[in-house]
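So this first bit is one chain, no partners, the form predicted alone, shown in structure tokens.
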Amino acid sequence: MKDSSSSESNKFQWLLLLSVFVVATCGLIYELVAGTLASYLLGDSVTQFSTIIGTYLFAMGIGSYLSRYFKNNLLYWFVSIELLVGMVGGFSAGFLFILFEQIVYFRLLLYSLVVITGTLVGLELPLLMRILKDKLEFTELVSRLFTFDYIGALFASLLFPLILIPQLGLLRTSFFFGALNVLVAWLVAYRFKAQLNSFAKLQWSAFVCLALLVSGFILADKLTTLSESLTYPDPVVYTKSSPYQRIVLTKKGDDFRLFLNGNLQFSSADEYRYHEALVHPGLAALKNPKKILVLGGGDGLAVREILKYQTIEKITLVDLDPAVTELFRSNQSLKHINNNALASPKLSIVNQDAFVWIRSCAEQFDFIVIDFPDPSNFALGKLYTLAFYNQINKILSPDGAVVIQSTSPFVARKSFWIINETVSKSGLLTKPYHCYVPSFGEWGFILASKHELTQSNSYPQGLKFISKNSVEELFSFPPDMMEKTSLYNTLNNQVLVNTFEKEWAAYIK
């Protein structure tokens, strides 16, 4: 009898410890989903993740405190809370995606869900400790519970970026782990049904919750399509969640538009204005350029313009996300837009973080195109710092030039001139300029070199926008875009990100 009793006790302990592992894994997954979703929809990933994590942990503290008021039927309450966590966490991503464009106070809704989820997860561990307190010595209890808790957290943190987001996406990840919570709740209830007076009610609740979550998992693509149809004005023709960003392509008539994390990257109706202005003023001013580096620009549109120069022998394209370069290398419509530039034998594609790649680069280039997204968060802001431009200076040939897309000098005037000042601090001579792109408005660029550049009188045949006369106009700034005294951007201060965020927020209002 003693051996049988001991065996039952061990099974009891291990099942509940398995529950700790699942609780920790699911809890962190919900936290990561909320942070990722917030960065997709609201931008500034560092701020979003920081505030989401802080709020979530605070809410877990609230849950831990509230656990003191649960006096009886602890197994019943544990199973019930587990079911509730599964439903709230499982449906949170879909709920937020669909309502993003429908409600004014989206942040309030987002953080309310984070607080609810965190509070429920915070209740679970104290309840488990009290359930197990008579089964294990205190030191053994604490040791085992926190070991399983931390292992679950590690498992979730590795699984989320490497497998879940690339393979399942945000919505299916939420539904999957919600279902996992519900399955654990049902398993605990079934295993200890003799100790539960309300087993039948809990079992039916678990079946209903599981059916809803599985249905959500199956219909995730339709829910995503619905949410993105509400977010984007034009029909969505392609979506993909990579480990780095949410990629959305829309099409209306002949106009394709690319969005990364909700931010417009180009419209095929007028992108030629942007990319001709980005490439030709600098490249045409060089004598016999041969080796070119493109940082960002995974759509191949800058490469398309560079290939119009017969002297070019080698182009290296460094873009973080292979999902973007593969899309623009394989999609027939997009290959038509970039003239199949990514298939050029002169081109080598490197899918790596440019900030890391450039530090180990031993080559020098005649022309460098820096076409990163705007510095809307600190991960992007590092690519606009003095440290980065110092590395650019090292790999730029003595007679070469570099051009940097530098946001709107009209909307983000201070930000534009911060970029100019930062490039100047690296020792390069700068020539800021701008052009009008209907999809974006006034847009700015910084052309920089080690020696004074003389503008060319000759440009490739077939350009739609750039000519000798139009280039001269680009370098003239009206009073409302003229230079302002500015700081420069470093890794330590990241002043550009904060300035950029304030300027665009004020403009959007």
Partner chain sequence: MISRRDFFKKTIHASIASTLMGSLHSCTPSISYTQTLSGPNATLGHRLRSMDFGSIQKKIETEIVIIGGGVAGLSAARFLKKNTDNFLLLEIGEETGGNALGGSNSISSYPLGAHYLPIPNQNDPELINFLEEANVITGYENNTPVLNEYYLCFDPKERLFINNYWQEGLVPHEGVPLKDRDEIRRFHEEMNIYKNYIGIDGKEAFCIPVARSSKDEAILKLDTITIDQYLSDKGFTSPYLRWYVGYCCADDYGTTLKETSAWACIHYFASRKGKAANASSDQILTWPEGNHWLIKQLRKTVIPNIRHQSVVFAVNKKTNGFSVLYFDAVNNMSVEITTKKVIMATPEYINKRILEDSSNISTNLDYSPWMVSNLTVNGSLTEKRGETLCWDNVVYGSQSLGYVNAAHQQLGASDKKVITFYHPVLGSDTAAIRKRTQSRSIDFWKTTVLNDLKKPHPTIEEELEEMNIWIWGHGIVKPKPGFLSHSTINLERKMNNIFFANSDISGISIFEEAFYNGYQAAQQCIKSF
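The term rigid core refers to the maximal set of C-alpha atoms that superpose within 1.5 Å between the two forms. All figures in this text were calculated on a predicted structure; none of them were measured in a lab. Positions refer to the first chain, counted from 1.
The protein also exists as the form predicted together with the partner chain; that form is not presented, and the subsequent description refers to it.
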Notebook entry, point to check: Which one, Lys314, Arg359, Lys133, Lys252, lies within 4.5 Å of the partner chain in the predicted complex by heavy atoms?
Noted result: Arg359
Check: Since exactly one of Ala200, Ala194, Ile218, Leu158 fits, which has a heavy atom within 4.5 Å of the partner chain in the predicted complex?
Finding: Ile218
Check: Might Asn492 be said to contact the partner chain in the predicted complex, defining contact as any heavy atom within 4.5 Å?
Finding: yes
Check: Quick one: does Leu327 come within 4.5 Å of the partner chain in the predicted complex, counting heavy atoms only?
Finding: no
Margin query: Please determine whether Phe355 contacts the partner chain in the predicted complex, using a 4.5 Å cut-off between heavy atoms.
Written below: yes
Check: Even though the partner chain is not shown here, does Lys290 get within 4.5 Å of it in the predicted complex, heavy atoms only?
Finding: no
Next item on the list: Specify the contacting stretch among 380-388, 396-404, 341-349, 290-298, defined as having any heavy atom within 4.5 Å of the partner chain in the predicted complex.
Entry: 380-388
Item checked: Stretch 425-440: residues contacting the partner chain in the predicted complex, 4.5 Å heavy atom cut-off -> Lys425
Notebook entry, point to check: Once everything's superposed on the core, is Ser348 shifted 2 Å or more at the Cα between the shown form and the other one?
Noted result: no
Item checked: Per-residue C-alpha change between the shown form and the other one, Lys431, threshold 2 Å, rigid core fit -> no
Notebook entry, point to check: Rigid core fitted, then: does Tyr272 show a CA shift of 2 angstroms or greater between the shown form and the other one?
Noted result: no
